[in-house]
Every structure is written in C-alpha cells, then in structure tokens.
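Shown next as structure tokens: one chain only, the form predicted on its own.
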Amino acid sequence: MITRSRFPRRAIIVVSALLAAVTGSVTTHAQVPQADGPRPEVCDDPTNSLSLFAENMGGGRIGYGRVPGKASVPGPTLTMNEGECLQVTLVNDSDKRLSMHAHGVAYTPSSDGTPTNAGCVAPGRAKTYVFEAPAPSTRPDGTVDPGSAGYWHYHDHCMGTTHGTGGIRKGLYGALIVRRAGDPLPDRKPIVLVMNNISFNNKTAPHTPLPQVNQGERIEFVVIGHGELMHTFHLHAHRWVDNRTGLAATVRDTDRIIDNRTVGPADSFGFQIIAGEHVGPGAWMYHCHVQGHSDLGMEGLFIVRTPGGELTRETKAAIRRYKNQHEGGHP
C-alpha cells in the first residue's frame, strides 16, 4: 500500500491508477480504495452508493464526513427509501481501528461492522458495507413484515472495545433515516441531536447547536441516545405525535401527543413540526429534562425567525440572555 506522505498528490493519483488497472486496489483520496474482504450479498445491485471518511478532528474527537477534511460530529445524515439498497464505502483516515454499524436496516454478516464479523477497518484502509431497507410485506404465514421506515442511526463498533465505546465517546455516530412512500419531506436538512452522556453532539451549552429556521417551515428532528445515561428530550412550545413520523394520520387520531420523550442509549426517534405553529417566532429551548443534566449544560435553543427570516428584538434578547447564563454572566 502506498503511503501518502511519501509521494506528491499528483504522483499518487498516477501510480494508483496504474495499480488499479493491475490489481483493482487504490489507496488515495482522489479515488476511494477498494474495500477489504468479500463483497456483501444483501442485494446484488445497490440503488445508491457513497463514501464516508473517518478522520481525527482535534480535541480528541473523531468524526465521519462525506469528503476528506470535512468530518463532523454527528456525521452526515444518511437517507434511504424503503425498497432501496445503499452501498457505503468507509475510508479510515484516522489513526484508530473503527467501523460503521447501522441500526434498523438489513445486512449480511460482512456488513455488520463488528469485530465478531470481521467488520473493522484498520487505519489507511477501506471497507464497503451494504444496507437494504425492506418495504412492508406479508409473510407466507400471514404475519406482517413491518418494513424498515423510521429514524435510525449508525455508529462505530470497533474502537476501544468490541462495542465501539471509544469511538462513540469521540463522536463516531450519525443519523440514518428510512422513509416510506408518501412521507412528507422537511423544508430543511434534519436537525440531529445526539444525547451522548452529558452533552448534545458532544457539546454543552452555550456550544450546543442553535438551529435557525423560519416560522411556518416544516422541520424535522432526529434524536439519538448514546453513552451510559438515561435522558428525557423536551422541546419548548412545540408538540408531536408519539408514533413513527411524529404526525397524526387524521384529526381523530388517538395516538398520544407529547413534547417530552425518554431516551436511553441506542434509542432513536424523530418527528416533524411546523416551526412556530400557534406560538410564533422565538428562542425555544430544547434540553434534557433530567434536572441535573440540564444544569450541567444539556440544553440548546431552537430559534424560529419570522416568516421572512428575521430575528425579532425579543428573540435577539433571549439569545443574549442564554449565552450570558452559560458564560458566567447574568440573565
């Protein structure tokens, strides 16, 4: 395998192209390396394919990214539709052994992403995982296969321990959304909030996410639990239905309406709301409602601007007070 640091980037591309013609194996950023091991067999013709790059981010963090140098915590949100098959090539540009393990979808042992099934990726190597999102169907015995639509997630399962505890602590996780035909689509990218020990996305207030949206937009949240603790996720001034989508089917829908939900390690759920519906613009808090966790910084702001995209004077003042509260000032 060619070591990148010993060759100019242009030379790497040329030499790698020659190697690819002979062996089919490449190890550069310009062209994703061929995966280690046999090709998974969960589906013969993937609907979509993409690459993820695992990288050191500084500050002890490691994240996934869609392109080199753009890793984030959480990693990119991956979206599938029921009936589709996704091929993901994970390129390990970190200095640790790691993997990608997905929840909620179908895969063979070679795409399990665990040490048990030889799914780890060594530094400088790559591996392809294949995931299928089954659609609902009726089994031969008359029972129902419910399909795979839902708000899921993916994470490391190799770093530190055989369960990826070290990787999850460093930030190797992301959302995986499987949609069903007819599901409403949000107006913006989903807001992903991972409750990982005493943090949201490995950060505490005032450094937690402060998403800004416009009043009237359809907004989608994905909430994921990781770490060692139980949490309760609460969003101020908004509510949703406690089902797969967070939406009511009819005006007579009897599903429970909630604004607070318990989240344990590896739990995940999502919902859609209309920003500012019935309440208007404002700086609306989201937080863990375990009081001690909130006091330690497990909170952030969901900022709803006017329909025209402006921050009201009251919203600006609330944001200032929020930041002062967490930076040693006064409300």
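When you see a residue number, it is the position in the sequence shown, counting from 1. Everything numeric here is computed off the predicted structure, so don't read it as measured data.
FYI, the form predicted in complex with another copy of the chain isn't displayed, but the following is about it.
Only one listed stretch (71 to 79, 239 to 247, 206 to 214, 88 to 96) carries heavy atoms within 4.5 Å of another copy of the chain in the predicted bound form, and that stretch is 239 to 247. Heavy atoms of D112 reach within 4.5 Å of another copy of the chain in the predicted bound form, making it an interface residue. Put simply, P281 is close to another copy of the chain in the predicted bound form: some heavy atom of it is within 4.5 Å.
At a distance threshold of 4.5 angstroms between non-hydrogen atoms, G59 is out of contact with another copy of the chain in the predicted bound form. Contact between P136 and another copy of the chain in the predicted bound form is found at the 4.5 Å heavy atom cutoff. Residues from 97 to 126 that approach another copy of the chain in the predicted bound form with a non-hydrogen atom closer than or equal to 4.5 Å are R97, H101, H103, G104, V105, A106, Y107, T108, P109, S110, D112, T114, P115, T116, N117, A118, in the order they occur in the chain.
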